[in-house]
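Form predicted alone, single chain, as structure tokens, below.
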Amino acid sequence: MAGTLTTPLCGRLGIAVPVIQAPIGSAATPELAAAVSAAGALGTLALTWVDAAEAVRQVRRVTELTDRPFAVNLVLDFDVEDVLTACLAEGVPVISTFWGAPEAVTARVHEAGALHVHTIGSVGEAVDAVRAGVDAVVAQGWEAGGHVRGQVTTMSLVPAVVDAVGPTPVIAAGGIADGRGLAAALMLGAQAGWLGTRFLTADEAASHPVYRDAVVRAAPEDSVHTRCFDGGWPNAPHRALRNTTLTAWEEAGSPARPDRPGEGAAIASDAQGRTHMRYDDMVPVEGMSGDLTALALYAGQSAGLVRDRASAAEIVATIADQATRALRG
């Protein structure tokens, strides 16, 4: 059924299903990206906070597992020069960027023969990105999980961006977790859906069981737009599930650092022995111990639609089947 969903962007990306796995931070793994891509969609590595050697290791691991196209995501507000250089040298076919100015890297991406996809949160940002020469824009709605660029909902933002930048392809992000959401995005004029929260419970993700359980149990209203978990990425709004840290901070009047409840407390450690603080932008991943439910549980409002754990291949196939049936009416 995937063939009935094929869009022009699918052809450019070399995928069969218009589904792109969003960069889900430390929960993303080469195994997840490879499994998503092998299933006909586009997997993504999140490489902003690793060094060039680790980026190369992860990229090569993906290419060991699949010969299908995949992407790497880089946040341009950080120094990603070395990682970008390494990824382009490795022949990564798709570079996706977020925050920052896309024109800083577009020419280099194209010179290396890769495609450049940039995430935006407003019509104005979309127009600027297209003028910079990006190959596609991700229109991220306010209901998306993780770090959130704008303040407009997906339902309103996507068609407005499509109207403003067409024929440049638009990818819809925010609130999509199943085939119904993908079908709706395609009807709005998007050429693919960008899903993060749904892949947090994929078998191949590195998300810790307590994180997976929190996502599965969540209702849409449990996903809160906040600035609470800003350690490592200050002044960047984000959406995370309500937990003890977020609740205590709000009850204290949402004070600024260093006056937040439990400020400076190390509440978790990882398999490498590194400690993680209460307000860090770190999610619980496999191998961690401590008060993990008090860490940042990034997830969008679509968490209310995620009710199980499944392999990446099963997730992609189910979404494609649901979307096809929905579009057939």
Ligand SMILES: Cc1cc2nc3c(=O)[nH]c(=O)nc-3n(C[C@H](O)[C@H](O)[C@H](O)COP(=O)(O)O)c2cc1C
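So that there is no doubt, residue numbering starts at 1 and follows the sequence shown. Not measured: the values here are computed from a predicted model.
Below, we refer to the form predicted together with this ligand, which is not included among the displayed structures.
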Quiz item: Can you say which of 167-175, 106-114, 242-250, 83-91 gets within 4.5 Å of this ligand in the predicted complex, counting heavy atoms only?
Solution: 167-175
Practice problem: Tell me whether G25, G196 and L200, taken together, all sit within 4.5 Å of this ligand in the predicted complex, counting heavy atoms only. | Solution: yes
Quiz item: Heavy atom within 4.5 Å of this ligand in the predicted complex: which of A46, L295, A55, A35?
Solution: A46
Practice problem: Using a 4.5 Å heavy atom cut-off, state whether L188 contacts this ligand in the predicted complex. | Solution: no
Quiz item: Taking 4.5 angstroms as the cut-off for heavy atoms, does G145 touch this ligand in the predicted complex?
Solution: yes
Quiz item: According to a 4.5 angstroms non-hydrogen atom cut-off, is V152 in contact with this ligand in the predicted complex?
Solution: no
Quiz prompt | 4.5 angstroms heavy atom contact with this ligand in the predicted complex for V75 | solution = yes
